[in-house]
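One chain is shown next in structure tokens, namely the form predicted alone.
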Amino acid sequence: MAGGLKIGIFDSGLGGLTVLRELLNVSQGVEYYYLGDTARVPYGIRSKRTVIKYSLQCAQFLNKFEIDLLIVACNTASAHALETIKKNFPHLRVEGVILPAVLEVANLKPSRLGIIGTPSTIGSGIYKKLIGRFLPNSKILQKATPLLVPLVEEGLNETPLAEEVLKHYLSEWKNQIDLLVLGCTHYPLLKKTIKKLFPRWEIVNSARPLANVLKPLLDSDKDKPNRVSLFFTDRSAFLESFLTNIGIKEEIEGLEILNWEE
């Protein structure tokens, strides 16, 4: 695509910033507009109807910036709202985070794998269904892990508390799987702790595969830096430390807390 590429990204909170980080690693001269719906995080415990409603509101906000590409950087929204967003914004290219992760898993061909995500994402069955199409003979386990998003949002991802919660959810899989799918964009920040507890497992998240899929588009202007504008629907006490932890503060041009009205 020619110069001046504008990309909108939304997530239920801070987790989609892991997607933004991966995109920044492989792009130049792109304008990014990120919306974190921190007033209503997490989406993963909401009904499908509510997730669609919130997702359309986020997409409408980002559309005001005349974006060329919209990234649904939330697994729950990707599971429940992606097709509705595409129908409502036919002029936009819309990408979710689930299919790229599924394709990476299919390429690795594990015979035993586990999937973790929010209750809504796991309840949709989308990961298990899609991976099963590519790997019909693989053993596929899945589990909702609702305590993990709050841990990450509060910056507790590398603490003894995080270790105990992960043990609670995952210890029974220790000898049952060889690969773990992180079905939430908050979860990459738990990767270090997961590897510490379960070093033998291969780990796939949805952020890096999506960046790899989009990489051919992202050299928008090699002579210009990326530009990042961040918007949040409520102030998070952990935002500054989160931005520091994922290493994108230097590329942020603006950060605004919105007066969000449903």
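Computed from a prediction, not measured in an experiment: that's the story for all the values here. The first residue of the sequence shown is number 1, and the count goes up from there.
The following text describes the form predicted in complex with D-glutamic acid (DGL), which does not appear among the structures shown.
- With the partner left out here, D-glutamic acid (DGL) still marks one of 129-137, 114-122, 100-108, 165-173 in the model of the complex; by a 4.5 Å heavy atom cut-off that stretch is 114-122.
- In the model of the complex, L189 stays away from D-glutamic acid (DGL), with no heavy atom inside 4.5 Å.
- Of the heavy atoms in V181, none are within 4.5 Å of D-glutamic acid (DGL) in the model of the complex.
- None of the heavy atoms of L70 is located within 4.5 Å of D-glutamic acid (DGL) in the model of the complex.
- In the model of the complex, at least one heavy atom of V41 sits within 4.5 Å of D-glutamic acid (DGL).
- Residues from 8-23 that approach D-glutamic acid (DGL) in the model of the complex with a non-hydrogen atom closer than or equal to 4.5 Å are D11, S12, in the order they occur in the chain.
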